[in-house]
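One chain follows as structure tokens, the form predicted on its own.
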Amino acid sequence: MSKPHDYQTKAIILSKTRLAEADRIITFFTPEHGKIAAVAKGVRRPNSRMSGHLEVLDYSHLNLARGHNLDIITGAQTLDSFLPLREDLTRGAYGLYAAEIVNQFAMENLENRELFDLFLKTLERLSYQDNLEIATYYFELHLLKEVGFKPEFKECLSCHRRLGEEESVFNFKSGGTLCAHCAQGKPWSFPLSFGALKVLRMLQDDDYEQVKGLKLEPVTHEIEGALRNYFYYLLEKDIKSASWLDKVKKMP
């Protein structure tokens, strides 16, 4: 059965690219169609009715028509613009970081409602809650689960011994932890204290309401380093918005 020519969807805008004189290619993430890139014709003109509804991080309702190469956005209406992400530099930097990760891992035209719901909820948390680091680490770990790269933090992936109160390493090639003995000489490894490992387990296994009040100060650098390096290993490149986020966090 052929697909209908016109369709509608809710979407979160991930990125936009200039096309021709007045058009843009808009990349967005949907609950039922996965990631889509479509053309918004005339959206760069001052009198465009759609331009204000297709900004990065907008949650919008889109009308589309199927095209030969790229679909065409024929209408757009904002459902939530997440104003705190636009009004606060730090919140916005976290939001753009989350959007880039989704853009890198989401599959085109492949439904992933769980990831869409996680992303939407994360933008709400980054907009209105205070602990932006916990919201981001929780998002990163649960995104990895939804896209098939869930890391193992409970046992050594080499000898399969359950890890106790000891130092271990997060081995990116293995996709999880190794005990100190099995980690010897293994590249792509990042050391983890037991405190960091415990927090990672809680962020991965517990409900957000149970972890949102966690104190991260002693292990923040370990958690961030482990996750950033794991993303680098999986993508084989840096997340561009991470450097901007780091600069913003250092500002007074």
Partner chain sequence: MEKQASPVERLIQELSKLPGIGPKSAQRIAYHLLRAPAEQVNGLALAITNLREKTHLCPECFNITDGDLCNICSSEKRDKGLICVVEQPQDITVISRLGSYNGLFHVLHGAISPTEGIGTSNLKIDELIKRLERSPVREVIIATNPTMEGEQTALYLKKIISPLGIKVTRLARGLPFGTELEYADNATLTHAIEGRAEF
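Residue numbers count along the first chain shown, from 1. Every value quoted in this text rests on a predicted model; they were computed, and no experiment measured them.
One more form of this protein, predicted in complex with its partner chain, exists but is not displayed; see below.
> Can you tell me if K247 lies within 4.5 angstroms of its partner chain in the predicted complex, counting non-hydrogen atoms only?
Close contact exists here: in the predicted complex, K247 approaches its partner chain to within 4.5 Å, heavy atoms only.
> Taking any heavy atom pair closer than or equal to 4.5 Å as contact, tell me whether A106 reaches its partner chain in the predicted complex.
Residue-level check for A106: no, no contact with its partner chain.
> E55 versus its partner chain, in the predicted complex: is there a non-hydrogen atom within 4.5 Å?
Because a heavy atom of E55 falls inside 4.5 Å of its partner chain in the predicted complex, the answer is yes.
> Report yes if any heavy atom of N229 sits within 4.5 Å of a heavy atom of its partner chain in the predicted complex; otherwise report no.
Close contact is absent here: in the predicted complex, N229 is far from its partner chain, nothing within 4.5 Å, heavy atoms only.
> Counting only heavy atoms and a 4.5 Å cutoff, which of 219 to 227, 47 to 55, 183 to 191, 198 to 206 contacts its partner chain in the predicted complex?
Result of the contact check: 47 to 55.
> With its partner chain left out of view, which of E100, E133, E167, E146 would have a heavy atom within 4.5 Å of it in the predicted complex?
Spelling it out, the residue with a heavy atom inside the cut-off is E100.
> If you check L85, L115, I73, C156 against its partner chain in the predicted complex, which one has a heavy atom within 4.5 Å?
None of the others qualify; the residue that does is L85.
> Which residues in 92 to 126 have a heavy atom within 4.5 Å of its partner chain in the predicted complex?
G92, A93, L96, E100 sit within 4.5 Å of the partner.
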